[in-house]
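What follows is a single chain, given as structure tokens, in the form predicted alone.
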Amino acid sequence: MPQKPDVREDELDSRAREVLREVVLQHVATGEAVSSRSLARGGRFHLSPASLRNAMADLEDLGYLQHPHTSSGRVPTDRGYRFFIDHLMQSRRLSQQERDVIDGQVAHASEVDEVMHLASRVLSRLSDQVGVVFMPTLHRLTMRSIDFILVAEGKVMCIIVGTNGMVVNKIVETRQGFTRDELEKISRYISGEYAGLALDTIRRRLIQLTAEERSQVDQAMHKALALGIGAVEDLMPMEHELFVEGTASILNKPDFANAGVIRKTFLALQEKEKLVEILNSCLNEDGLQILVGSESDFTHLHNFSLVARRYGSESAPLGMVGILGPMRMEYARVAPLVDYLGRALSRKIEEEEQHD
């Protein structure tokens, strides 16, 4: 589980806060350790390099800055980034073009796979980081309606529409023959009886009904129950969906320039279970979530930061959208991108529910 340090704004006086803010901004912009001379040259402070050096030394003693072995300057620690994010960061406003790009992608997305592909891609493209989109088990999806369409001999297309407006298409293979009228009746029956229930609940009820009334239902009902179970069971192996877009962008960052680090980072992005675990835990939290370095196992192990936000209705969050990048990330630019996309997806889902 993520563990964010408790950093209170009153821990630092106004001068210390300004020095920390400038160190973070300069380090994010340049990738270099920040010295007291570079702060003095910036002209923001009417202080001598010696006074700034003392202020930076105090911040180091308090755990907000650290001294890289090969440099005379200092860089932010995880705690320094956390203080910056919580108390000093001024998120920039998205441009109209960025909002238009996000709104355009959301407007054209309907099916689950399409939503996840487009959302991860647009985040990666706009941020030049790794875009991630996560949706937990599909069987938690609440059904609005279900339709069955014969697409080939022995193959029936199952179209499940969730109450959140998402659409899931699955092919169900069956040995039984179905006419168009039979499939329409089965669609009406299952939609009428089980609308508003989670797919996993529907599956369990259909199985129970089959077991309890095996000798009491006619052949048509047996076929209907079997097809319904097959449709929902087809979703059961999909324990989660995780789309990761833009892996190359993070491997090109100076922070991961070392060949050994590149290989380790690439393998980390392939082994996604830890990332899924973090995103799943964030699903219970409202608003924007930012995890820095040691605040989670995954980000700590690979020197990452994660900016994420859940999307879906307030009562039933559907998943998470986020950006994964180095700790030296431009949080003030990345955070509003993730926040806006999460809100845009949530608005779309709420509109779909209202039109139901």
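In case it trips you up, residue 1 is the first one in the sequence shown, and so on. Not measured: the values here are computed from a predicted model.
Not on display, but discussed next: the form predicted in complex with the DNA.
Enquirer: State yes only if every one of 46, 50 and 60 has a non-hydrogen atom within 4.5 Å of the DNA in the model of the complex; otherwise state no.
Expert: Answer is yes for this spot.
Enquirer: Can you work out whether residue 74 and the DNA are in contact in the model of the complex, taking contact to mean some heavy atom pair no more than 4.5 Å apart?
Expert: Judged by the heavy-atom cut-off of 4.5 Å, residue 74 is in contact with the DNA in the model of the complex.
Enquirer: Decide whether residue 66 counts as a contact residue for the DNA in the model of the complex under a heavy atom distance cut-off of 4.5 Å.
Expert: Outside the cut-off, so no.
Enquirer: Find out whether any non-hydrogen atom of residue 318 is located within 4.5 angstroms of the DNA in the model of the complex, and reply yes or no.
Expert: Taking the distances in the model of the complex, the answer for residue 318 is no, it never comes within 4.5 Å of the DNA.
Enquirer: Should residue 327 be counted as a contact of the DNA in the model of the complex, where contact means heavy atoms within 4.5 Å?
Expert: No, residue 327 stays farther than 4.5 Å from the DNA in the model of the complex.
Enquirer: Since the chain is shown here on its own, which stretch among 286 to 294, 52 to 60, 319 to 327, 303 to 311 would lie within 4.5 Å of the DNA in the model of the complex, judged by heavy atoms?
Expert: Comparing against the DNA in the model of the complex, the contact stretch is 52 to 60.
Enquirer: Among 333, 347, 21, 15, which has at least one heavy atom within 4.5 Å of the DNA in the model of the complex?
Expert: Flagged contact: 15.
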